[in-house]
Ligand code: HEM
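Next up: a single chain in structure tokens, the form predicted alone.
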Amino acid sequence: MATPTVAYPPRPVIDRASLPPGPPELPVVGQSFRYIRDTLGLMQETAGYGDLATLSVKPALAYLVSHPELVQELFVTNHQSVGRGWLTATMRYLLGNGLVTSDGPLHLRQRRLMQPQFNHRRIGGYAEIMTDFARRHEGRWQDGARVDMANEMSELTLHIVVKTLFGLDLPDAVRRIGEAFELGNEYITARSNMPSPLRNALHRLPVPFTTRFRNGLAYLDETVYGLIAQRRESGLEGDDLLSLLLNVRDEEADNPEDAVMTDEQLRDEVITLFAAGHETTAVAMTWTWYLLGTHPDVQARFHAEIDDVLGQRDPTPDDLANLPFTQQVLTESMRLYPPIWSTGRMTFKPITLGGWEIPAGAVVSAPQMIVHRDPRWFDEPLEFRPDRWTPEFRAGLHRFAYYPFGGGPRLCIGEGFAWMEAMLLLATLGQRWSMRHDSRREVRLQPLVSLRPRGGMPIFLERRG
């Protein structure tokens, strides 16, 4: 299948006086340096200028929306006029043209082909893998040990995603894949904060950082393309997601050659699924254990519920509906610490938001971190209160006052998979362990692609009963 291309409009040149208000900016550089140094603080200040405000991060000028109605206008009403554009240019170094980075006809086609592989029955088939790896992982824990929970959850979800995506359970291969992805994350983050001419130049030069990234990427490509070739040659059908995507056919294609994904497109999609499925779930789990470890009364109720429902047996997907408080804990955790803390769009055509005309080529950011903590939608927004998530509260809450997985046609395709995995891991690990945060360490936020805790998450493990 030939890869459709999208022509992105150039960045607009706009008179600042005609824009929504925003923080004062420095000549030439705008707020670029502060954005790198204090991203969340600058966004919070910008939101204080209004539900639609502007922020100058040279050479871009970003519009920031912080009202659910405007988020809905961006994600849903204007979805055909916006996309990812050059916002994900650096991510394409690693992800290629997968669902997260693609636009236009390619994104629509891939979404249509892949969506059926994430139905409830399919993802439920991975539950036993998730609980099995959780049991293996916690089998190494020791009572009273102090661990970095960010690393623990990253390693656990890494094994799960490699197994469910590729069907692999080889420790050395998993380790090398994980190291290559971590290097990729570091590379993307470092390069994203650079002006595009400098970023592109460094990406082409054989400087040490770029060379290490290319070596890691080469290993990933060798692994993925090798697995694709093995599956095509053997004709064997498996239950892992790679096998399922290999067998997807586009019934609307004009000829048989275009009915299946090319090896390159398969590579881009599975690498994208890997990155999304590994990083975001690990981050969500890390923050949830932190919140439970700093709120012993909530953790006691969480333990009581899983003990009552499960006893000593492993959880299954059928149990999740009977764990409402566990779901409230996870929901509230992703409100306070959304794994993807901000979602951006680039305008392909002029759009109107909140009465303001936004030209083609503009950046529009809808930061979950700001909206989720807005006192207009959440009482005591900085407090961890799982009990707020009653059915009545949910019914009265605007759809886009809480959107940890995005929304509209670009809603995260793996949302159901992520919810099931996080719930199963919480229930499985919570049966035998209590968490206590090391209060000697201040927790600081690190807003990279995902919202990580800077310097890790120190947690003391305490074996239950």
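A quick note: this is a predicted structure, and the numbers were derived from the prediction, not measured. A residue's number is simply how far along the shown sequence it sits, counting from 1.
Below: the form predicted together with the named molecule, not depicted.
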Q: Please run the contact check for F133 against the named molecule in the predicted complex: heavy atoms, 4.5 angstroms, yes or no?
A: no
Q. Does R436 reach the named molecule in the predicted complex if we count a contact as any heavy atom within 4.5 Å?
A. no
Q. How about A62: is it within 4.5 Å of the named molecule in the predicted complex, going by heavy atoms?
A. no
(Q) I'd like to know if I36 sits close to the named molecule in the predicted complex, meaning any non-hydrogen atom pair within 4.5 angstroms. (A) no
Q: Assess the spot marked by A284, Q368 and R410: is the named molecule within 4.5 Å of a heavy atom from every one of these residues in the predicted complex?
A: yes
Q. Heavy atoms within 4.5 Å of the named molecule in the predicted complex: which stretch among 200-208, 103-111, 221-229, 142-150?
A. 103-111
(Q) Exactly one residue in I160, L273, L95, L323 has a non-hydrogen atom within 4.5 Å of the named molecule in the predicted complex; which is it? (A) L273
Q: State the residue from V364, I177, L292, M334 whose non-hydrogen atoms include one within 4.5 Å of the named molecule in the predicted complex.
A: M334
**Q.** Partner contacts in the predicted complex for 317-352 (non-hydrogen atom within 4.5 angstroms of the named molecule)
**A.** M334, P339, I340, T343, R345
